[in-house]
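Structure 1 and structure 2, given next as structure tokens, are two forms of the same protein chain, each shown alone.
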Structure 1
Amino acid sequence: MNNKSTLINELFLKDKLNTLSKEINIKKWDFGASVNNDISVQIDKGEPKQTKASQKSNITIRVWNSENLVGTTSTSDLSDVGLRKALNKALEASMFGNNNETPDFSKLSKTDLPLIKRPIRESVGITKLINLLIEAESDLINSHNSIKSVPYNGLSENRYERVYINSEGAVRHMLLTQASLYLFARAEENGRKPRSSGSIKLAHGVNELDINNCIKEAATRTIDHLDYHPITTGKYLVCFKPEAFLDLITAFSNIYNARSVIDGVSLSTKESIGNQVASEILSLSDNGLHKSNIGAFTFDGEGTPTQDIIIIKDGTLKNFIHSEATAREYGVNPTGHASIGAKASVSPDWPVISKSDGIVSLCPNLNFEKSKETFVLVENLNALHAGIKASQGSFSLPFDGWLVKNGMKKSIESATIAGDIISLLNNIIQIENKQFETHQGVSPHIWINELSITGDS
């Protein structure tokens, strides 16, 4: 296969839906379809353990009935039989459509898409994946005598295509390739509990993966926690590393999600736009087109172009992220953050956190590498799905990190950090200048005063 050739024939699908919908008298419809080809390998002590491949297709069809109520159906069966059945089921579902909020086509579904440069890489094949991962596992184990195994590891390459088409002539199509590597090492020393940490890398293709840095980071993060100590329960000055803060801000994205606001499960209300929601040194945008977003798509599930949206500027809430329906409710344009559905969900793309221009923080000298203060450096937050109460604004999360005193780091054993997100955002006392690009967004190190930490001592 040519690396630019596509698996979805969108014009064929469009014609097919046109024909089938006419047969059952559906005049208005749209659909999102995807095809995903994936290969992945796992290694166990120098031997391939499991290799996987998949070829999966899926289509979600929406139809509007004669009363303009919407029904949807998803199916992996793209035969005529499957599509006809899906259309009929969608029509049946439309009888139960919500007449208080009927979605429509995005008014941006036919505008020009942003131009982004994302290379399409050819598959390197299973043999190369296996050999690379065997080598990576070996290098990681050999990097320190306490690292005994790499129980969680995987190398994969993925080719993903998406289309959006509607009965009024919108046609969107995009193809991307992506490779990912994760290595999580396990270190053991006599009389001590095992420690585990790791690293994840993404790239457009396998040959561009930063394998050496993945190994180095996994080794360093694991070894750094070998000499662990309990921490006394109490309130601490805390510095969040970029990955940890991005986890937190993404988990509480209901603050700026219009769908959550309308549903009553957000910490914001419609009137919150223009309110101070964070320390004025914090600025946040959502930019799905950022160069570090390997999996960037130029349009969302409703065909709306992906955009760079300012969410918080100088601590003030400026915009929500929207679907077509929520944008119409608020009298603004959709922002390119929707899925396709009878009730489209809305989710952030790629958070970019920065220090506000021209604003001086309360503690401008705090620096995670140089500060002599006693503080907790939070490297990684765990169990987010259990410890986040998004609609209440509270969190209580186990974490990996260090207690830092006079510049000396000691790994912390089994501790939990807890707080309230609104208080946290308003108690930011320092945002460092340097931004780090991670596999989930962009952020500098961020400092908060007085956060509760529960330890084992």
Structure 2
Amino acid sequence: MNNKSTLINELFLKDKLNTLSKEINIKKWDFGASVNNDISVQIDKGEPKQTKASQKSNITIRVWNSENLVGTTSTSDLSDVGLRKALNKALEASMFGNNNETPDFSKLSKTDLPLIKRPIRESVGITKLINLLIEAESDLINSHNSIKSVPYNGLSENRYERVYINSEGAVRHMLLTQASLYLFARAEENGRKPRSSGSIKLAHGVNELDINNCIKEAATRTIDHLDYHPITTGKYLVCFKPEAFLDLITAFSNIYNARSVIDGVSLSTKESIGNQVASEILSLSDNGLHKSNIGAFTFDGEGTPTQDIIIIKDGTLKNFIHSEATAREYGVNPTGHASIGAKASVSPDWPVISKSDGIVSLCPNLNFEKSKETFVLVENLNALHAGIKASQGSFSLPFDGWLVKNGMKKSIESATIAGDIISLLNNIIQIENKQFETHQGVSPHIWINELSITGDS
């Protein structure tokens, strides 16, 4: 397969679906597909631990019957026989469609798509992946005497295709490639607990991955946690590093998710637009087209173009993210955040957090590299799946970080940070100017006053 070849010919498929649907007497249908070719390797002590090559397809067909009820079916068979069978099954399923909530075509499914530049890279093959990862593992272990192993590691290259077609003439197709590397080292010292940390890097292709920087970051972060100490339980001035704050805000994205609002599992209501939900120094947008989003698609599962949506501006909730159905309920346009289905789910794409223009923070001189105040610097939040109660707004999470006094960092042995997301957002006292592009979004360092931390002493 060359770098431009695709697994799905969307125009050929559109003609085939048009022909079959007429034969079955289906007047309204749409088709969504995500196909992923993946090659990945893991290493253990210089030897391949796991090598994997796979092709995953997620193909959904929706059919509307004469009563406008929707049935869906999934298939991996794109032959005439397979598609005919899928259309018939979807038509049968439509008899049991939900009369109270019927999806429709996105009214933006045929509008022009945004133009973005995402280079398509050739696969380098599994042998090169293995050799690169063996070398990276060795370099990371040799970078410090205390680093004994790299128990969590992986190098992969992926080729994604997304397709959307409907019976009104919408035809979308996009292909992209992505490579990813993660290295998490384990450091050990006599009489001390093992310590671990790591780094993740993404690129359009393997040859563009910054492997040396990934090794350097993993080593530095791991070594920084060797000299650890317990922390006294109490309330602290806290600075979240960008990755940690992005984890937290994404875990509570039900605040701005219209699907969650309609389903009654959000901290917001339909009337929350225009309400102050955070300190006025905070602004948040969801921009799936941001240049740092290596895996950006220009349309979602319903064919709606990906957009840059302002979510929070100067602390005020401005917009929800929508599917076609939720947008119709609210009388607005869909925002390009939906999957395809009888009840399309809605999820955030690429959060971009920034300091509001013209707003002066309560503590403008706080800086994670220069401040002499005593504070806790949070690097990573752990156990997000268990420690977040999204519909209640509360969190209690183990974390990796440091207690910083007079500019000197001491790694924290083990501790838990807890609070309420709405209170946290309203207690932001400083957002630093510099934004950092991470593998999950963009954010500066963000400071919160008086957060509860439970330690071992």
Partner chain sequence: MYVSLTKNNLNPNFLETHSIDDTFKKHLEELLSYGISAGADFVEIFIENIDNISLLAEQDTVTSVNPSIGKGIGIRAFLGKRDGFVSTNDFSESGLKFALDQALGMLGLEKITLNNESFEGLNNLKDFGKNKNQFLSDCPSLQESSKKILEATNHLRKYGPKLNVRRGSYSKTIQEVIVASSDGTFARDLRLYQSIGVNVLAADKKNRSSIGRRLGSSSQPRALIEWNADETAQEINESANKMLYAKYVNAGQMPAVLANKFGGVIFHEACGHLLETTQIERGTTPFEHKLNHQIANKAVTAIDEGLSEGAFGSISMDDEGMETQKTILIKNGVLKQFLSDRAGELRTGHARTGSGRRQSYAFAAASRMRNTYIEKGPYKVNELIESIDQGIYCKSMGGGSVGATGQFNFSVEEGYLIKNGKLTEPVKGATLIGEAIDIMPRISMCADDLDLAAGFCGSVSGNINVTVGQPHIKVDSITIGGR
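FYI, numbering is relative to structure 1, first residue = 1. Definition used throughout: the rigid core is the maximal C-alpha set that superposes within 1.5 Å between two forms. Since the model is a prediction, treat every value here as computed from it, not as a measurement.
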Structure identified as the form predicted alone: 2
Cα displacement of residue 14 between structures 1 and 2 reaching 2 Å, rigid core superposed: yes
Rigid core superposition, residue 91 Cα moves 2 angstroms or more between structures 1 and 2: yes
Core-aligned C-alpha movement of residue 417 between structures 1 and 2 reaching 2 Å: no
Distance moved by the residue 24 C-alpha between structures 1 and 2 (core-aligned, Å): 3.7
